[in-house]
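Below you will find one chain, with nothing else, as structure tokens; this is the form predicted on its own, and questions on how it binds or moves follow later.
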């Protein structure tokens, strides 16, 4: 698989089989991803991989928190700007509507939509979860490097025939997750990632998000 093939094949997988993933395979993925670009070679990332009882401990902790405070935000930052503007607002809206349409969930069925949202906190059935953390003293630049590392993890997983879903849904519950992981300051949780074998029969995994044409985001000068 070429890098281009992996980039085009990777999607946010939202339905997984319960097929186990070996620790050796995960170690191989992370060992490859560690070569992600990193300004000053700081390598500002930490990864916590959970499976089995450790995975369930995080699920239980966040489920308990949701029951008490479903709309609370423990993170010191918002996942999205408060008043998102176009074209970004439209892109975010469209991907949600396309996903629910594919699954046959109408807009007025708020219960079904909420239940689907809560699947985030089950890793969409994936047997492995990864949580990415960073030292809170780092600057915006190092956060960008963390993102590059995460993408490398997703591509390395794709190369092994595994699927991923980057999950910022965990971010509002970052402190609860950190406590369940035993992660201490100055490290803070940014987000999670589900990892496993994609369910080939799940309709939601047929979703392919629309992407902007090259001319919308790239400018070429001097050619």
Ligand SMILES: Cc1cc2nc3c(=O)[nH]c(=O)nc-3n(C[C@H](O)[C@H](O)[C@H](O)COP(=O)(O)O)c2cc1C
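Nothing here was measured: the structure is a model prediction, and the numbers come from that model. Numbering follows the first chain given and starts at 1.
The protein also exists as the form predicted in complex with the ligand; that form is not presented, and the subsequent description refers to it.
**Q** May I ask whether 120, 167 and 209 each come within 4.5 Å of the ligand in the predicted complex, counting any non-hydrogen atom?
**A** Heavy-atom distance to the ligand in the predicted complex: all three under 4.5 Å.
**Q** Please run the contact check for residue 103 against the ligand in the predicted complex: heavy atoms, 4.5 angstroms, yes or no?
**A** Flag for residue 103 set to no.
**Q** Quick check on residue 15: any heavy atom within 4.5 Å of the ligand in the predicted complex?
**A** Contact with the ligand, no.
**Q** So in the predicted complex, is the ligand close enough to residue 10 to count as touching (4.5 Å, heavy atoms)?
**A** Yes, residue 10 is a contact residue.
**Q** Verify the contact flag for residue 62: yes if a non-hydrogen atom of it lies within 4.5 Å of a non-hydrogen atom of the ligand in the predicted complex, no if not.
**A** So residue 62 does not count as contacting the ligand.
**Q** Only one of 186 to 194, 152 to 160, 32 to 40, 51 to 59 has heavy atoms within 4.5 Å of the ligand in the predicted complex; I'd like to know which.
**A** Residues of 186 to 194 come within 4.5 Å of the partner.
**Q** Here the chain is shown alone; which of 75, 95, 84, 138 has a heavy atom within 4.5 Å of the ligand in the predicted complex?
**A** Spelling it out, the residue with a heavy atom inside the cut-off is 95.
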